[in-house]
Ligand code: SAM
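A lone chain, given as structure tokens: the form predicted on its own.
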Amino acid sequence: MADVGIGHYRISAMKQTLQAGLDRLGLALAPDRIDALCRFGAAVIEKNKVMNLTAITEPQAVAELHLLDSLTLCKVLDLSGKSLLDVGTGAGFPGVPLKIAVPSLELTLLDSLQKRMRWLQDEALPALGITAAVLAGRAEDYARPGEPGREGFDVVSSRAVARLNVLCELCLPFVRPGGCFLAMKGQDAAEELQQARRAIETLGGRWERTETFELGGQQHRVLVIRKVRQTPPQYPRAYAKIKQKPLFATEKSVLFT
């Protein structure tokens, strides 16, 4: 992955943006970790020429909106030695940057698009020297009772996959009691949280807090949902049923803040 075709100047711009953002976040990473993050960002840009990975292709934007956005989770939770499942990982965000930044993280990547997962497993991760479990399939299939991943992870992350009330049903069954679901959202996070409060409670979770970060001139929010009890065995349902009849809040109440 040393020569990924986007040019030394553009990689340097990515690195400068990344370093400035790390300083703003108060995150200190070793130079080799920063280099690895930039190599991964450059690899995503290059692969995007032949595979639909991202609409964000400018190096500085990749640094800000993919790499730094992913690394905000390091400010939300101490991930050292934790097991983390990244649901709907797509091109590997936030899971791969988190593994680069926290090598002791035990990472599993899950996405339904097999081409992307093959690229991660066969090309991107080996080039970075990263070991991670890579699963191609639907979250609801891997989270059913009897599956080894059900309630098997300390942390589950997800970014830009679905609205929160749907996302909770896909993700909370993977979290072991006492663990956390980290949902990465934008400016509508409070509204989504209000809609999802019934889903969170039904699935064994409890909203703990919301962390806010400014990246690229926009508010990025991480909802921290603690797993306080086991998820009932009837969840998750089939995805068609989740979409058809999501777990909505049924009455009005004050918005979470």
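Remember, predicted model here, so these are calculated numbers, not experimental data. All residue numbers are counted from 1 along the displayed sequence.
Unshown form predicted together with the named molecule; subsequent notes refer to it.
Val161 belongs to the set of residues with a heavy atom inside 4.5 Å of the named molecule in the model of the complex. Of the heavy atoms in Glu140, some are within 4.5 Å of the named molecule in the model of the complex.
Among heavy atoms of Leu125, none comes within 4.5 Å of the named molecule in the model of the complex.
Looking at His66, you'd find a heavy atom of it within 4.5 angstroms of the named molecule in the model of the complex. Listed residues Val134, Leu84, Leu170, Cys74 were compared with the named molecule in the model of the complex; Leu170 is the one with a heavy atom within 4.5 Å. Here the chain stands by itself, but in the model of the complex one stretch of 125-133, 144-152, 175-183, 86-94, 86-94, has heavy atoms within 4.5 Å of the named molecule. Annotation for 109-137: interface residues with the named molecule in the model of the complex are Asp111, Ser112, Leu113, Arg116, Gly137 [heavy atom within 4.5 Å].
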